[in-house]
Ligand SMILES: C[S@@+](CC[C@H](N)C(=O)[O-])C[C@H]1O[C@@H](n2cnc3c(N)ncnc32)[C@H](O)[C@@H]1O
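First, one chain by itself in structure tokens, the form predicted on its own.
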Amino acid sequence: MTRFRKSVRPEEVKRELAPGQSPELLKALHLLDRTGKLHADSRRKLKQVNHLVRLLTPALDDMFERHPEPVIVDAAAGNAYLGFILYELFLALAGKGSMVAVEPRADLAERTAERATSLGYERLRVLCSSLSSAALPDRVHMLVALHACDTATDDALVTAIERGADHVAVVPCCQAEVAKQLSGKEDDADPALAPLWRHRWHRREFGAHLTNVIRSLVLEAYGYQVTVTELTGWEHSLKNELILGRRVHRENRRARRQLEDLLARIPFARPSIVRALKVG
């Protein structure tokens, strides 16, 4: 396991930056302190975001090549670290495209809007709203959600599907919905499957895993080519499963059958995405 020092000195920070990334932006985001030091917690955050940006680069290049004014949505944006870094490294350099950061918490949305103004990011718009009621453009080309908690990840995927997003990337966090649905259902389940969630610890882990399997199948059913991978090492984050989707077809009937079969085997496991899209 990598052990971080308490801070990285200003003269060494450059080694931690992505190509084209400015210390000025990282200071504005409070990832660097006023003296230019990068502290351990901020370093972990920066490594996660920069690694995700690297994984997204092929999709971003594709989007900017094919669309004259691409639209990126940063769902459940929080402090919008990802949105700001994508803006600097792609939108600002390309001179086109727009970013919409959606955050329901008023204090965070206000802070993000103030930062966007102070940085001169005129094409970064902040919406203080739930994702389901946000006034988004009709067409979204990419949707990202980094550590959107519990059903907020489902909301992000539903929005991506409904808006016809070419690319989607989500890193789920704190998934409790399906674990609650499984609780007390051991006697109602297939006896061969019930041991998977009999114990509370297994129920939590299996519920999260089942949720992400269902999410991936839903994306595939709607024509997305899906890749599931690790975002970063466990030393950086315990919530590091990355689901990437690239839309290549209108639908995938084989994936839909797999989804329906899985849901039929565990009929009381119904993540928010299944209910919202009425699949299965």
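Values in this document were obtained by computation on a predicted structure and should not be read as measured data. Residue indices: 1-based, along the sequence shown.
The same protein has a further form, the form predicted together with this ligand, not shown here; the description that follows concerns it.
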Quick check for you: of 187-195, 200-208, 69-77, 92-100, which stretch puts a non-hydrogen atom within 4.5 Å of this ligand in the predicted bound form?
69-77
Have a look at A152, A169, V140, V178 for me and say which one sits with a heavy atom within 4.5 Å of this ligand in the predicted bound form.
A152
Note: exactly one of I161, L146, V126, L86 sits with a heavy atom within 4.5 Å of this ligand in the predicted bound form, namely L146
In the predicted bound form, does K47 have a heavy atom within 4.5 Å of this ligand?
no
Does any heavy atom of L108 come within 4.5 Å of a heavy atom of this ligand in the predicted bound form?
yes
Proximity of T117 to this ligand in the predicted bound form, heavy atoms at 4.5 Å:
no
Would you please decide whether L182 lies within 4.5 angstroms of this ligand in the predicted bound form, comparing each non-hydrogen atom pair?
no
Which residues within 110-141 place at least one heavy atom within 4.5 Å of this ligand in the predicted bound form?
S129, S130, L131
